[in-house]
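Take a look at this single chain, the form predicted on its own, given in structure tokens.
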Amino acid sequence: MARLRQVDVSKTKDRIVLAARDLFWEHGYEATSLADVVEKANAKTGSLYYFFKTKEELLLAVLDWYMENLFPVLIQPIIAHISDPVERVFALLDGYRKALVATGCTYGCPIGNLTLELGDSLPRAREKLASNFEGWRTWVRKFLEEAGDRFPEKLDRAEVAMFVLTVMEGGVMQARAQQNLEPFDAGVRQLRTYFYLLSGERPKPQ
């Protein structure tokens, strides 16, 4: 019985974290109440406070979820279907484009959204937000490193990975503001051109 109860408790905790994840993304951190989370998770208030003493603790758990699921949700499917490491970078960006299309250009990167909303008001959360960005950049850097001598030896791949993240976040933000895909697509086109210039390869037709 103790083991079954432990599994049930774990599922309740998961439901709470996932409900908070969705609500923070849809409405923002400040606009989401713990009562909203309890209702969406189909849980009891006591269950929420059993796991999370404060709303900030719940936010930290959500940010941990994003870090833990970066590989299985975003990276692994790309690795499984695309062998070219450079094209993996663009496949990662294309995932965000698809989200913009599916939401009529209302999609915002959840980590970017929370970063803009929270600023430095919650230092522990800011550190986890930074770690999420670092995890994303680490995979892009890894893809660039796997490209080997297709890029100059002295190229700082960590800085290029940061540039790729800037293209993604800036493109998403501008696409949402203008309610069209062109800012995102323009950024990705220029990034691809930059990669071709670095590698000396002939650009593919767009």
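Here the structure is a predicted model, which means the values were calculated and not measured. Heads up: residue numbers just count along the shown sequence, starting at 1.
Not on display, but discussed next: the form predicted together with the DNA.
Given that the DNA is left out here, which of Met67, Leu34, Leu181, Leu155 has a heavy atom within 4.5 Å of it in the predicted bound form?
The option sitting close enough to the partner is Leu34.
Report the stretch among 169-177, 39-47, 156-164, 135-143 that approaches the DNA in the predicted bound form to within 4.5 Å, counting heavy atoms only.
Stretch with heavy atoms near the partner: 39-47.
Could you run down 51-74 and flag each residue that has a heavy atom within 4.5 Å of the DNA in the predicted bound form?
The stretch 51-74, when checked against the DNA in the predicted bound form, contributes Phe51, Lys53, Thr54, Lys55 at the 4.5 Å heavy-atom cut-off.
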